[in-house]
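First comes one chain, alone, set out as structure tokens in the form predicted alone.
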């Protein structure tokens, strides 16, 4: 009995240690975003929202935040549409080995180092004469997000009953009407969930953005630049806002995933 109790406490302490290791830096950032002291030290003297007001009054931060949201929106819409169409096409292939090969090829960018993709895109766009900017960055974000959207959509379409589409067409429905009335309502939670995941990945992306955005800024690139000059408490506020946005997107994506499974 005592041995089992000891094992239980050891397991609980190990889980607590792992969770502390994972989340302690994030908790520190969130905590210091509310402190009154500009010195990032303990004990905390008081709480304030002034660092958030300071961050949101900074035109550079507003510009970076706008760019990040634009990139996230483009990534969500484009990756959601392209990933869903690509996965749908894969499922209609009749040769399993070809489908598996194409799925593997589509997931390859997820394991290629972002540094390689960032440099390759920068060289590629320079060869084409395209100046650095949001367009190049959006294309890079799309490459990063697409594998995850394809993975999500494939999981949903594995259980999709394609005979319903054939039945609708046998009853005289056009392809467009079949898509609007049957296909899209059934896959909509998966598409929206995958698009939210793409938006979350885009908001967090730094390496490809840094190589391709040029003189413009996104939130991760701006924070990196600010931290090179020292840790301003407003950086903690920006990081907390970004963290809140990312967590919200991931929670919404998971909720939609549960809805599709139910």
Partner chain sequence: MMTGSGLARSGRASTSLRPLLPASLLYVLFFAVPMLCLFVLSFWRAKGFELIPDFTLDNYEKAVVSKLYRTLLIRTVVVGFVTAAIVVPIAFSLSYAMRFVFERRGQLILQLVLLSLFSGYLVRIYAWRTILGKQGLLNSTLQWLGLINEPLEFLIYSNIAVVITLSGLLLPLAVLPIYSALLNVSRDQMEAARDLGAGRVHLIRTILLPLAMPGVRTAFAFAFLLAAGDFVTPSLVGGTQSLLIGNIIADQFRGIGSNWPLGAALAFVTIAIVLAIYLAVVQILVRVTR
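Residue numbers count along the first chain shown, from 1. Given the structure is predicted, the values throughout are model-derived calculations rather than measurements.
Keep in mind that the form predicted together with its partner chain is missing from the display, and what follows is about it.
Taking non-hydrogen atoms only, residue 124 approaches its partner chain to within 4.5 angstroms in the predicted complex. Contact annotation for residue 236: at least one heavy atom lies within 4.5 Å of its partner chain in the predicted complex.
A residue is said to contact a partner when one of its heavy atoms sits within 4.5 Å of a partner heavy atom; residue 61 fails this definition for its partner chain in the predicted complex, lying far away. Contact check for residue 166: a non-hydrogen atom falls within 4.5 Å of its partner chain in the predicted complex. Judged against its partner chain in the predicted complex with a 4.5 angstroms heavy atom cut-off, the residues 92, 120 and 227 are in contact without exception. Out of the listed residues 173, 110, 155, 101, 110 is the one that sits within 4.5 Å of its partner chain in the predicted complex by at least one heavy atom.
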